[in-house]
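Only one chain is included here, represented as C-alpha cells and corresponding to the form predicted on its own.
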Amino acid sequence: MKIQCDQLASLLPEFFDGTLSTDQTDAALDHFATCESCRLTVDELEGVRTLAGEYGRLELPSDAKDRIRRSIGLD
C-alpha cells in the first residue's frame, strides 16, 4: 500500500492515536522514510503532543470561557 502526502495528512489523528490498521501504519511509516516534509510535520506535531503532555490539562479563567462562548454564539 502506497500513500500520498494528502492522504497521510487526513490519517494523522488516527496515526497519533494508534488506531490505524497495520497496513495503514506501515504505509505511513514508509512514507515518512521517503518524504522529508511529512516527516518534519510529524516531528513537530509529536513535539507539541509531548509539551502538552508535560503541562497536563490547563484551566481557562471563567471570564475567558465566557468570552469564547459569546464569540461563537453559545451565550
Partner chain sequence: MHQRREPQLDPGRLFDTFVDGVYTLAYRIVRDRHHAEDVVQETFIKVVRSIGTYRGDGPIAAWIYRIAYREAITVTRRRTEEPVDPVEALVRAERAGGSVEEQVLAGELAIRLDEAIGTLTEPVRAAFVLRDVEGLSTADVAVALDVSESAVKMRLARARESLRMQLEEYLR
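What we label the rigid core is the largest C-alpha set whose atoms superpose within 1.5 Å from one form to the other. Numbering follows the first chain given and starts at 1. Model, not experiment: these values are computed from the prediction.
Beyond what is shown, the protein has a form predicted in complex with the partner chain; the following relates to that form.
Should Val48 be classed as touching the partner chain in the model of the complex when contacts are defined as heavy atoms within 4.5 Å?
-> Yes, Val48 sits close enough to the partner chain in the model of the complex that at least one of its heavy atoms falls within 4.5 Å.
May I ask you to check whether Glu59 falls inside a 4.5 Å heavy atom distance of the partner chain in the model of the complex?
-> Contact check for Glu59: yes, within 4.5 Å of the partner chain in the model of the complex.
Spell out, yes or no, whether the shortest heavy atom distance between Leu74 and the partner chain in the model of the complex is within 4.5 Å.
-> So Leu74 counts as contacting the partner chain.
Distance check, Leu40 to the partner chain in the model of the complex, heavy atom within 4.5 Å | Looking in the model of the complex, residue contacts with the partner chain include Leu40, since a heavy atom lies within 4.5 Å.
Stretch 15-44 - residues with a heavy atom within 4.5 Å of the partner chain in the model of the complex | If the 4.5 Å heavy-atom criterion is applied to the partner chain in the model of the complex, 15-44 yields Phe16, Asp17, Leu40, Thr41, Glu44.
Under a superposition restricted to the rigid core, does Gly18 display a Cα displacement of 2 angstroms or more between the shown form and the other one?
-> Shift at Gly18: below 2 Å after core fit.
Inspect the rigid-core superposition and answer whether the C-alpha of Leu51 shifts by 2 angstroms or more between the shown form and the other one.
-> Comparing the forms between the shown form and the other one, which are aligned on their rigid core, Leu51 does not shift its C-alpha by 2 Å or more.
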